[in-house]
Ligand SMILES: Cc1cc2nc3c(=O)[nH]c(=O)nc-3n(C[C@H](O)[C@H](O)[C@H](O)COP(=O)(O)OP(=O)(O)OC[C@H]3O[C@@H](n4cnc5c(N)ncnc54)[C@H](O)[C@@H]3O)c2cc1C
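Here we start with a single chain on its own, the form predicted on its own, put down as structure tokens.
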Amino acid sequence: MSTAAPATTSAKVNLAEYRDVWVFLQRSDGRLSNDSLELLAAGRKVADQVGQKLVGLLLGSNLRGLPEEAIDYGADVVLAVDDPALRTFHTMRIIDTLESMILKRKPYAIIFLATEFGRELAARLAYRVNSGLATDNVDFEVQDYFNPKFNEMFPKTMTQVRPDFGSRVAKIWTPRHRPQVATLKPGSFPPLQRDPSRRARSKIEKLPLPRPGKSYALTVKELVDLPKSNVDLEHASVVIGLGLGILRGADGSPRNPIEAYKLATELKELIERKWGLKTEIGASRGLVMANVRALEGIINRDHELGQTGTLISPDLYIALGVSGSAPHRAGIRAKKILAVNPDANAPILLAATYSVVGDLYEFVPKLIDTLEALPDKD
């Protein structure tokens, strides 16, 4: 643990000293990751509402071109620490670096991605600087917050909005501490339009690695790239979701779920061919956790939709045999929903734009025939 004093203490801090919204950016294949672009959009929203700057944080080795890309997508300032010692993503060295930067510059908020790496950094850093942490947020707002316990008003406090099992969303505040630390669930924000003209009015600061000679008990020996999933639910324009309802017909008789998967695949290929819309097949948590033998190797955790899986915000979500529990619905932010379920009381039907009470095995073939008859995209 660092021996430096925490950025805040149990005593009341001078909130006015803390300025600017920081976002911790990550890269993929030599560019900023798609979810980092979403993070810039989220940070831009908060920074604009509090009238402060958006600061992109880049820590790593060989960061060439990345600071400029961060500015193009919304950052006002980029703080870049480019050092070979950061090549291995050594967690404690990164935490030491971030803590040093926070103690010196005092940001209003710092937001990480709700990935495995981002969650670890956020939790460790919040502890280091004695601040609160809200994880897996899907939105941020800025509000004046009144705390009845302290009988005190906290102006322009970042409201952290996350799905909640008991209701649609929960709102979380950490009004007495700075920086406010949060993580953002990928898929929550569309990236901003790239604007290279922003470079003329933005700034890149290259910072040295603090305490470069410090040694750690933990040593990273090797970096191994995990195989990438071939399912990209976050960036699909259309998502077809399969639920436990595919195991039975409307009359309750057993059905082979492979039939439903083949129908979903045919529908997916049709949409992509005729309209060029990126389409993916997902599944409810119930279907994923059921480990249906017939779907082994076809449906896995990569396909899981909802609060416990992938948060999606497509133009259209087609729910086939999905009951639509609260955690599932909380993770679906589609512009429109088409739901097919034989149970007229299924919660997904209440949330749907278009509700079909019926047998998906009868409806989907008719839907495919109807779509086939429509003209192709010009």
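Computed from a predicted model, the values in this text were never measured in an experiment. Numbering starts at 1 and follows the sequence shown. Basically, rigid core = biggest C-alpha set you can superpose within 1.5 Å across the two forms.
Heads up, the form predicted in complex with the ligand isn't pictured, but that's what we're talking about next.
Please tell me whether the candidate spot formed by 187, 270 and 312 is one where all three residues come within 4.5 Å of the ligand in the model of the complex (heavy atoms). No, because 187, 270 and 312 lack any heavy atom that approaches the ligand to within 4.5 Å in the model of the complex.
Just give me the single entry in 286, 210, 155, 191 that has a non-hydrogen atom within 4.5 angstroms of the ligand in the model of the complex. None of the other options qualify; the answer is 286.
Work out which of 340, 55, 58, 32 lies within 4.5 Å of the ligand in the model of the complex, going by heavy atoms. After the contact test, the surviving option is 340.
Taking heavy atoms and a 4.5 Å cut-off, does residue 358 contact the ligand in the model of the complex? Close contact exists here: in the model of the complex, residue 358 approaches the ligand to within 4.5 Å, heavy atoms only.
Any non-hydrogen atom of residue 67 within 4.5 angstroms of the ligand in the model of the complex: The answer is no: residue 67 has no heavy atom within 4.5 Å of the ligand.
Evaluate residue 248 for contact with the ligand in the model of the complex, applying a 4.5 angstroms cut-off between non-hydrogen atoms, and reply yes or no. Residue 248 belongs to the contact set for the ligand.
Taking heavy atoms and a 4.5 Å cut-off, does residue 43 contact the ligand in the model of the complex? Contact with the ligand, no.
So if I measure heavy atom distances to the ligand in the model of the complex, which of the stretches 110-118, 272-280, 217-225, 297-305 falls within 4.5 Å? Selected range: 297-305.
Sequence order please: the residues of 253-282 with a heavy atom within 4.5 Å of the ligand in the model of the complex. Counting only heavy atoms within 4.5 Å of the ligand in the model of the complex, no residue of 253-282 makes contact.
I want to check residue 28: does it shift between this form and the one not shown by 2 Å or more at the Cα, with the core superposed? After core superposition, the displacement of the residue 28 C-alpha between this form and the one not shown stays below 2 Å, so no.
With both forms fit on the core, has residue 186 moved 2 Å or more by CA between this form and the one not shown? No; that C-alpha moves by less than 2 Å between this form and the one not shown.
Since the CA distance of residue 224 and residue 299 differs by 3 Å or more in the model of the complex, is it closer or farther than in the form displayed? Between the C-alphas of residue 299 and residue 224, the gap narrows in the model of the complex (3 Å or more compared with this form).
If the CA atoms of residue 330 and residue 41 move by 3 Å or more in the model of the complex, do they move toward each other or away, so closer or farther than here? Those two alpha carbons end up farther apart in the model of the complex.
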